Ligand SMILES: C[S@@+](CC[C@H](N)C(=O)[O-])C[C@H]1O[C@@H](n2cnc3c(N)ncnc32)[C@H](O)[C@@H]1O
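Only one chain comes next, encoded as structure tokens, the form predicted on its own.
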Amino acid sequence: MLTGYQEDLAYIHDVGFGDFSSKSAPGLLEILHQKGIKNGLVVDLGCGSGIWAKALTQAGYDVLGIDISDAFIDLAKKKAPKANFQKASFLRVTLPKCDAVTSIGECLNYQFDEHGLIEIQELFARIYTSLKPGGVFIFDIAQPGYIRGMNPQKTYSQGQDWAILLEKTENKITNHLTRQMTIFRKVDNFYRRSEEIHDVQLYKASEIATKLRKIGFKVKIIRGYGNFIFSKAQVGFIATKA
């Protein structure tokens, strides 16, 4: 099993698909301010290439970014040098006392470490314990019905020095999504080819909200971060510790 995004896909995700994090950042900062969290430590689970971590440090927060991918951690350290980063699974990492926890871009759905709702609830409990009173956990997930239309669905994307062929397949019975990718990245005068398969478990918003409330969180379901609106199959949560 892959231990997160590998080097070439991590690079492509950063330069070609980092707009989800960059467009989410203003709305996320607004949520933190509305909760009265204008400084302190934010733990970012599944920090990726550090786009959100950089926005946080620029806004005056302390940041600990967690990701299972070595390649993402390397990129994040360069992009957000004022933040701290740790390579680890969010299912197993020891969380410090903090003011907020975030997880942006469907991170909880990814099955680099196989898990289900039981492990998700255990994670929620650890997050609740780590948060200071009034602390907030902000995150988003992918829901069943992710693929609309043709299933499997094939797409092609390219940039100045990369290209990617993506085939997505959703099992409507098990709510399991598979992303199979053929990746091309230009290195010197040649293109390097690699393959990755990502397994994603889709969760219903109602299931996640129930788990959060069982732990003790006050839950608000959102359809975007500020002016940035999610796709139809995505949903976000603001979970506040009393």
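It should be emphasised that the depicted structure is a prediction, and the values quoted were computed from it without experimental measurement. One-based numbering along the sequence shown.
Another form, the form predicted in complex with this ligand, is not on view; read the next lines as being about it.
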property: Heavy atom of each of 143, 203 and 230 within 4.5 Å of this ligand in the model of the complex; result: no
property: Proximity of residue 110 to this ligand in the model of the complex, heavy atoms at 4.5 Å; result: yes
property: Contact of residue 137 with this ligand in the model of the complex (heavy atom, 4.5 Å); result: no
property: Interface membership of residue 164, this ligand in the model of the complex, 4.5 Å heavy atom rule; result: no
property: Residue 89, heavy atom within 4.5 angstroms of this ligand in the model of the complex; result: yes
property: Segment assignment from 61-69, 212-220, 189-197, 33-41: heavy atom within 4.5 Å of this ligand in the model of the complex; result: 61-69
property: The single option of 104, 127, 80, 98 touching this ligand in the model of the complex, heavy atom within 4.5 Å; result: 104
property: Sequence-ordered residues of 125-159 touching this ligand in the model of the complex, heavy atom within 4.5 Å; result: none
